[in-house]
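Just one chain is shown here, as structure tokens, and it is the form predicted alone.
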């Protein structure tokens, strides 16, 4: 049984990951923005003692301290940072205002790293810090023409992960930037070809396969390497 933290667990891929890890017999510490989530409450009933739900605004400066306090020194095997937003609907560099950019980059790039750096010392030696990125964050693939601001925020996340991995104080845990596929979620839309369940299953396998690998990797939900 492993102990997993999932930030951004209220719906979509995050909720799918909670279900998948609980089905494996693991313990899950789920971080959500608002308490009293019916789906998570049901899962807590189905898996007594193996799911703890914590309400916390990940964008707040005190989020990392709140979460580490709630863990109370309990070691983690995996930490997954799934929370994210798509940004303004217009996705236009000429229309975007400072507040929209600040929110987009804070939630998609800065907040996950801030929390990860607080949790890293408490991870097991073979731990993984996994971040939900996107193929749109790949500068080489250049697939973010339809969502350039969102793609830029994920490229920023990827860049921060690479910088951390090559810093003077890199984490002992493996760093993963993950592309979950095009998934039927509120962001992905109903025309997406991949179900939440299939994406989550692939992500779980990919994350677990990288335990003990070390380094920083950009991979999709099937474990295929993507160019930065």
Ligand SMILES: NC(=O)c1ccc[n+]([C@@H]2O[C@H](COP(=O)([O-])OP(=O)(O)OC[C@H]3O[C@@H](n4cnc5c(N)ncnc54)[C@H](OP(=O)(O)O)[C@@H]3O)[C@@H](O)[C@H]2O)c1
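Given the structure is predicted, the values throughout are model-derived calculations rather than measurements. Positions refer to the first chain, counted from 1.
Absent from the display: the form predicted in complex with the named molecule. The rest refers to it.
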item	value
Listed residue that, although the named molecule is not shown, lies within 4.5 Å of it in the predicted bound form (heavy atoms), from 119, 83, 152, 113	83
The named molecule contact in the predicted bound form: residue 183, any heavy atom under 4.5 Å	yes
Proximity of residue 33 to the named molecule in the predicted bound form, heavy atoms at 4.5 Å	yes
Residue contact check: residue 132 to the named molecule in the predicted bound form, 4.5 Å heavy atom	yes
Contact flag, residue 206 vs the named molecule in the predicted bound form, heavy atom cut 4.5 Å	no
Stretch from 132 to 140, 93 to 101, 119 to 127, 72 to 80 whose residues place a heavy atom within 4.5 Å of the named molecule in the predicted bound form	132 to 140
In the predicted bound form, residues of 49 to 71 near the named molecule [heavy atom within 4.5 Å]	56, 57, 58, 59
